[in-house]
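Before any questions on how it binds or moves, here is one chain, the form predicted on its own, in structure tokens.
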Amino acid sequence: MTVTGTETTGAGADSCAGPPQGDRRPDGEDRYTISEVVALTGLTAHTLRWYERIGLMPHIDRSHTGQRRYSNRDLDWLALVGKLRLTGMPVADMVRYAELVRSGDHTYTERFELLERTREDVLSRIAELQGTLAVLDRKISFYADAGRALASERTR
């Protein structure tokens, strides 16, 4: 069993990585400073340090001078964390998920359940937003019709 920085791999490996992002270095040469990660991800240095402090990030390697050195695996993990944030997953659940990933393959069931609950929450929010969108569409249609009617009256 190996850890890819995102998920434990073995049979049926699970990667959180999306398509490779531009400006990434080849594996083995992928040592990014915190300022480079800020530029690549849009996160602040404070946020990156906080993620590490609360256990949301795995151990980040350090240079001989003590500076953080991030890898492509770390960038992949940050991309997943960004997606989890967009789902509305509470930070405590994200930290729990990170702990489960670091714990190994025997936590697949718990990870599945956590992500399944999050998926259900997202689907519920999507349904709510679709209802909200329908209301907005009706209002937009009303004002478009009213505007056309007013314009027609003015040209008479």
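Heads up: residue numbers just count along the shown sequence, starting at 1. Small disclaimer: the values here were computed from a predicted structure and weren't measured.
Keep in mind that the form predicted together with the DNA is not shown, yet the notes after this line are about it.
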Tell me, out of A39, A92, L129, L123, which residue has a non-hydrogen atom within 4.5 angstroms of the DNA in the predicted complex.
A92
Though the DNA is not shown, can you say which of H106, R53, R102, R117 has a heavy atom within 4.5 Å of it in the predicted complex?
R53
According to a 4.5 angstroms non-hydrogen atom cut-off, is H59 in contact with the DNA in the predicted complex?
no
I'd like to check something about R85: if you look in the predicted complex, is any of its heavy atoms closer than or equal to 4.5 Å to a heavy atom of the DNA?
yes
Looking at the partner-bound form in the predicted complex, is R49 within 4.5 Å of the DNA by any heavy atom?
yes
Is there any non-hydrogen atom of G66 lying within 4.5 Å of the DNA in the predicted complex?
yes
